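Coming up is one lone chain in structure tokens, specifically the form predicted alone.
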């Protein structure tokens, strides 16, 4: 009889050998220019391991870990314009978006609820349509690949439960006109959720000021991912609400746990991820986070300046460290970059070379990429 699980166990050395084999097949981040995740900060790894068994889903058993999560929420709130915001550490932007819209749906009590998000919204909103059984209406984009406010207004009706604004779009790194969306939301009495999963750890540190967080009166909830530009361990997302009543709208009774209710989507929740986030925020502080973000943004600007010298231009001026480059014969360019060991991606519409400059990116590797791209474009 064959077993998926072998009958007798292996020695530790044998197990670690198998793990080493698998690890060698994984790609190192060093030549990845398509991912919004990155190598976690060493202090995050150490902190996560220290709290590896902590379960925030049964927080009464781990009061110290829960205390740290509350401090993290307050720090994230201060970055996003409201240190009194409430929320919790999620598994990432997808869960945060699901829960933000779930709260909106539950509070609105519409018979046939719909939400409005731009065409450049994250694919998590397509999951939301299925999971929450809400209609997701896609608003068109303007010439700068930001949501068109007129299109949003046209889509709003009596069944609209929420409007979604994107602060740092996944494909183009653009920031929707959040104040304009806020005006619509407030006029119609609608919940406004901001997906800042990527931009939340970049936009506050840019030289130009962009209002996208709780400093905008109509913003109800925000998603922000510490495991992206915040350099925490995976999975570490964040969901914050302006007021506690919106969080309470997610509450489910948990009679046999150490707490009376639970508002998270997952039952068991990693305390390690929350503590890892806390460790990074405390270690780097505002100035350290700003330095890291601006380093990535400045490298992105340097890349644009360099590639323009050989006829490659961004399809829209980048705001942050996400680029969409118009390259000729893009399919061939993608293949040749892959052959040379680079991992990049493409945008949907229009098709452009998509690059994300993360903390793991070094100037040396970026220069190597630029030289490879120059040679490939020249030979295409």
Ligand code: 0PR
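Just so it is clear, the structure is predicted and the values come from calculations on it, not from any experiment. Residue numbers count along the first chain shown, from 1.
Separately, the form predicted together with the named molecule exists; it is not shown, and the next lines address it.
Of the residues 77, 272, 93, 218, just one reaches the named molecule in the predicted complex with a heavy atom at 4.5 Å or closer; this is 93. For the residues 36, 70, 337, 45, the 4.5 Å heavy atom test against the named molecule in the predicted complex is passed only by 36. Of the candidate stretches 85-93, 131-139, 99-107, 257-265, only 85-93 contains residues with a heavy atom within 4.5 Å of the named molecule in the predicted complex. Using a 4.5 angstroms threshold between heavy atoms, residue 118 stays clear of the named molecule in the predicted complex. Residue 168 belongs to the set of residues with a heavy atom inside 4.5 Å of the named molecule in the predicted complex. In the predicted complex, the named molecule sits beyond 4.5 Å of every heavy atom of residue 176. None of the heavy atoms of residue 286 is located within 4.5 Å of the named molecule in the predicted complex. Taking the named molecule as positioned in the predicted complex, the residues of 214-229 that bring a heavy atom within 4.5 Å of it are, in sequence order, 225, 227, 228.
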